[in-house]
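Single chain ahead, written as structure tokens, the form predicted alone.
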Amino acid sequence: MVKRSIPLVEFLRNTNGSILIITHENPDGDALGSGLALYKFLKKKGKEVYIASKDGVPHMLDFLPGAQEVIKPDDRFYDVGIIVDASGFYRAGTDVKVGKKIRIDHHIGGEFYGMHDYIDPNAPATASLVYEIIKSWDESAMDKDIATCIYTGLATDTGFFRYSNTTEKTFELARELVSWGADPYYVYTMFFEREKPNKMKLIARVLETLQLHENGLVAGVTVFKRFLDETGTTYEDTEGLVNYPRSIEGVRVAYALIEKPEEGVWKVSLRAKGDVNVGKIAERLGGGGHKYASGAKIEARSYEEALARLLSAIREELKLQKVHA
């Protein structure tokens, strides 16, 4: 990867105040991987830095170096706030008190906070942008822990190098991270092969809700709150369920509709296969994300209303993008 001038590097280099790195709610591998990599690097640089996540660290990511240092957001004021892998601070799911706001992200659109934002929609993952920041500042600070965090973000956001955002440069970045000590086998097994028996029971219940729409172009599953209660699982265990309908032949848009009665909403996770931009679908529902993976929250009085609104947004985008079965 070629070094380039990054205004954020010079700003952070000269920052002496407190820094809060925060992820979006229900953080995934890229959010925590990029956030922890930057956190560990800035600690090496002697900065007063903290990392926070409203929903803590999910089980599948608790192997990440520094995961035990992730805190819950509080009422403390921080001089600088950096939101990673999100379209804006509203995606943190909670209010944070910070002076200067900065965003590091690879999603299109969203909120912008100034010249120190570092946003590149062409990057395969936010973690790859953090790697560029580190290389531009002090590559000698790279170590196995930081490489593992970055590799996890890169691997999970490219579907472990299966999605269409995987390019020659992606593999070159992965090669560099492995040379710094990242272990692909370790990351894969820790992320995918530590499922709880209760989650398997949840998967079985959820797959019974599978529906196909638009002549097979759209497929989705629903997670009712009672499924979690009956199987002894949590919302954390719903991560990745959207990939089951995505794997069906001919499907271009997959969804997982998740009931969250305590918030009065239905959370929807969207995944694309092919050229459909699910980020645009999420925007229609008040959410966001990128072309291949996005999400939103739907305020609805019933499951039927939430599903109808979701399918309407999907149909509008399929029509606009001229996608036919």
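The first residue of the shown sequence is 1; numbering continues from there. Computed from a prediction, not measured in an experiment: that's the story for all the values here.
The same protein also has a form predicted in complex with adenosine monophosphate, omitted here; what follows describes it.
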item	value
Segment that reaches adenosine monophosphate in the model of the complex - one of 293-301, 32-40, 45-53, 60-68, heavy atoms within 4.5 Å	293-301
Residues Gly110, Asn277 and Arg284 all lining adenosine monophosphate in the model of the complex, heavy atom within 4.5 Å	no
Arg91, heavy atom within 4.5 angstroms of adenosine monophosphate in the model of the complex	yes
Lys267, heavy atom within 4.5 angstroms of adenosine monophosphate in the model of the complex	yes
